[in-house]
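The chain below stands alone, shown as structure tokens; this is the form predicted alone.
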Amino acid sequence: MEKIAIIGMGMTKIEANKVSENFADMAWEAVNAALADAGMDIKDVSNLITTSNDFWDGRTISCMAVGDSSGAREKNCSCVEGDGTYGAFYAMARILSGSYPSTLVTGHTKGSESISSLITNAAFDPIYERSLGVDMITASAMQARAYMDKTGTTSEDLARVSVKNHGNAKNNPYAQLPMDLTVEDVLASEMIADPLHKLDCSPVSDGCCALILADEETAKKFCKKPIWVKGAAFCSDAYFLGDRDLAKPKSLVAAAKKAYAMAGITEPTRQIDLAEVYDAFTYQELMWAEGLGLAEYGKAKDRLKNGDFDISGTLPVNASGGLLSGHPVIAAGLYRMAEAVRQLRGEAGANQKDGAKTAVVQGLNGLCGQSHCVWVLGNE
């Protein structure tokens, strides 16, 4: 594959309610931060991809709300509906087409203006499942239970993820929920949907993230610290929950295998220095880490307990604090990519993994991780 780099990134602080900012305001802030980071003007950007969702925005053609503020005027602009990692994949594909030397991609969400239970309930089949009232939280609770039963993972194991990630957030200026927690604090928090307590779940959040991707020539022209795309792939599983094994992320394993093959990764636990994964719930960090080959199936809880996934460990997972510390839904994967960029540039401050050269990032779409998008990024 031709060399593609991330040359600019911008993030708004993730907050529970950006009451003074609308969608366009958030996009303006993130886009201008990304342009400044890349040393570019908007006229230097070839085209634009916005990532949004009509349900979460509460309007049709939601991409139009952020087009002008993202610099779409007189440029080719397209929209991807779903997680920002897929928008970035489209951005990369446009560059690889040879038609565009650079692409700006944005992702935004204002969860504060949404009713997530109604939105995620609508994702289910309208004939057989939607009328049951199931939503993403209750479906994820079923997946958590299936995973726990098969692997022997306990509620205490899940709680350790929350303790770690909220603690990591204390050193991340973009995080919404930096907290000192204990396992007992997590287990004592409100039971939302058995086995998930409140502190096992990510919060409602507002935020926007923007990345600029470029071909090799453009990257070297503008950027002093390009972060190179070593591999990227995505894969989907069956739509109906009953048609797949919820305890095993089959589509993530397949996507990771393809991305690793592109990047020349044959031993993920040895060749990858850190990971940013989609931890909307505590159990997901463990499941997704295993799906990414960062631990044997059912053994992520042991690596977590041993401190391997800590900032000072052998393979930090969500050193940024992850989504448990702030979850702007559609932008979530882009935030994971941006946090990996910060690490690979050596700009993550107190959360920095010393000598980090290679990172894996994961985003997802669909119910209980139906589809996964995996990126391998490197600074060499």
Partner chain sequence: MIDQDLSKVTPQVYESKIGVPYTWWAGDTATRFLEGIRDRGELWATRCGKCSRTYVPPRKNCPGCFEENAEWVQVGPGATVVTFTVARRPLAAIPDPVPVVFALVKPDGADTAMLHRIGDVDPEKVSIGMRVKPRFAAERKGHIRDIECFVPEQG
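Treat the numbers as computed from the prediction; the structure is a model and nothing was measured. Positions refer to the first chain, counted from 1.
Another form exists, predicted together with its partner chain; not displayed. Remarks below refer to it.
Although the partner is absent from this view, Ser131 contacts its partner chain in the predicted bound form, with a non-hydrogen atom inside 4.5 angstroms. Contact check for Ser117: a heavy atom falls within 4.5 Å of its partner chain in the predicted bound form.
At a distance threshold of 4.5 angstroms between non-hydrogen atoms, Asn121 is in contact with its partner chain in the predicted bound form. Contact annotation for Cys223: none of its heavy atoms lies within 4.5 Å of its partner chain in the predicted bound form. With the partner omitted here, the residue from Glu217, Asp180, Glu184, Asp149 that has a non-hydrogen atom within 4.5 angstroms of its partner chain in the predicted bound form is Asp149. Checking Val253, Ile137, Ala188, Ala261 against its partner chain in the predicted bound form, a heavy atom within 4.5 Å turns up for just one residue: Ile137. You can rule out all but one of 266-274, 121-129, 303-311, 158-166: in the predicted bound form, only 121-129 has residues with a heavy atom within 4.5 Å of its partner chain. Applying a 4.5 Å heavy atom cutoff to its partner chain in the predicted bound form picks out no residue from 249-269.
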